[in-house]
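This document starts with one chain, in the form predicted alone, laid out as structure tokens.
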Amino acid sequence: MCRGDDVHCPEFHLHHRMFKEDLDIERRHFLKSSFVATGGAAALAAGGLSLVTPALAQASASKAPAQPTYHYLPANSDTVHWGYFSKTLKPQVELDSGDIVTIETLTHHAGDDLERMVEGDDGAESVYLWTKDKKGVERRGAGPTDPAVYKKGSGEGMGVHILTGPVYVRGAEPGDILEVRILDCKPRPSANPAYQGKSFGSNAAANWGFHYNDMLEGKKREVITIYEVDATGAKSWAEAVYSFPWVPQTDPYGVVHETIDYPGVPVDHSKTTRNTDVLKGVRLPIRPHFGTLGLAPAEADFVDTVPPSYTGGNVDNWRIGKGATMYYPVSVEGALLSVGDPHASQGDSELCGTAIECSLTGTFQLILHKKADLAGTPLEELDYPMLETKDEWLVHGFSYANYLAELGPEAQSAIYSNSSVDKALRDVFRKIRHFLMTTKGLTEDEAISLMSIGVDFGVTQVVDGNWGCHAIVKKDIFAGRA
């Protein structure tokens, strides 16, 4: 379906006008919001609700334009990169601190049901195009692109997520902190007229899942479950539609995929057996969020999207949705923010390998905090992705805080055999201790006592190569302090 971006559409001019009108309405809505007004950050900080102090908010606002500008970044074969972060990528949009950007994101599992998740959607069709002669996006992963070397496909599937971007933030330099406010997050409707008002996602109980080597009677198998989401917002839950065991699939280039080992392989459902009697009567509350959101690392030119690291990436925390704020350390010029791996819902641990992988559109406000202004603030020594909500602070730990630096030249392969929950828990313990001592001025003994009785630790994910744990601090435990 043309959204004002297909010049060959007979109604291109009408669709383009409607598209621009919709953008203008959305732009006015956000620019009127007190949350995104220039003084909003200072007001939030003054109320003690933010890691951004009033002085830091004012310093950052003074370097930004008086009024934010609104940007829109669609997802198509020209605006996405598949399976890798890279400091070498050309930015898809450039903006100033304080600006707002709406970004479309596509799930890398849409090939599990092209009829529901791709058909009729111009952007998705351009990305998922794959015939015997060409792909819409040839490279998928940070691996080799030489046909003489790769076996599964270009990029070798060393990284799987479709990322939209990157977004270049003017003035961002290594040592700065980028604040990313998630203003909105909503499902991308199916463009197939047969499924109007609905959105769909795929959950893969896959070979990389925590469960895979511990199945009853040793019967290993990969099972896909397709879920339906109400794209209108009338229903706050997802329901299973059908499931099917993965069977070997031959991609359009003729490569056979015995397992789920390369992203975007179009599933031929003439070879699958569907089970429509699955999870009957179960309503799963949706909590749309972005599994992969982060900045380009400095350590390598092409970095696998699967393991998360100090600049964020595939953190896979279901709390990174509407109303949340993420803080990331900047490691390259322009920050280079990319977003993808959209989820309709996920539990802590993402145990079987994926969430409900469902295309989403998000709206973000990006605020740059310069290194020179960070001294004496809670963000001064931040060197990991930090999550803040209205009521909580959340610290992320990983098996390796910066695996790219810690594991040497072979880091991107070595990480997959070196992760553990205990390493991730140790990392998050050290980070939350540091956070409580520096941000709240506690002694080490006070911090250790408090984290045992007033901090909730959890397993974020055990499927992303670099496993993750998190620690949640309720802001109201400090309500008695001045």
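Quick note: we count residues from 1 along the sequence shown, nothing fancier. This one's a predicted model, so the numbers in the text were calculated from it and none came from an experiment.
One more form of this protein should be noted, the form predicted in complex with another copy of the chain, which is absent from this view; the next part is about it.
Asker: If you check 338, 346, 412, 190 against another copy of the chain in the predicted bound form, which one has a heavy atom within 4.5 Å?
Answerer: Result of the distance check: 346.
Asker: Counting non-hydrogen atoms within 4.5 angstroms of another copy of the chain in the predicted bound form, say which of 194, 216, 149, 375 makes the cut.
Answerer: Only one option qualifies, and that one is 216.
Asker: Taking heavy atoms only, is residue 359 within 4.5 angstroms of another copy of the chain in the predicted bound form?
Answerer: The answer is no: residue 359 has no heavy atom within 4.5 Å of another copy of the chain.
Asker: Is residue 449 part of the interface with another copy of the chain in the predicted bound form - any heavy atom within 4.5 Å?
Answerer: Contact with another copy of the chain, yes.
Asker: Would you check, heavy atoms only and a 4.5 Å threshold, whether residue 353 touches another copy of the chain in the predicted bound form?
Answerer: Result yes; residue 353 sits at the interface with another copy of the chain in the predicted bound form.
Asker: Tell me, yes or no, whether residue 225 is in contact with another copy of the chain in the predicted bound form, where a contact means a heavy atom of each within 4.5 Å.
Answerer: Flag for residue 225 set to yes.
Asker: Each of 170, 261 and 384 within 4.5 Å of another copy of the chain in the predicted bound form, by any heavy atom, yes or no?
Answerer: No, none of 170, 261 and 384 comes within 4.5 Å of another copy of the chain in the predicted bound form.
Asker: Looking at heavy atoms inside 4.5 Å, which stretch does another copy of the chain contact in the predicted bound form, given the options 84-92, 124-132, 285-293, 248-256?
Answerer: Selected range: 285-293.
Asker: Can you list, in sequence order, the residues from 241-276 that come within 4.5 Å of another copy of the chain in the predicted bound form, counting heavy atoms only?
Answerer: None of them.
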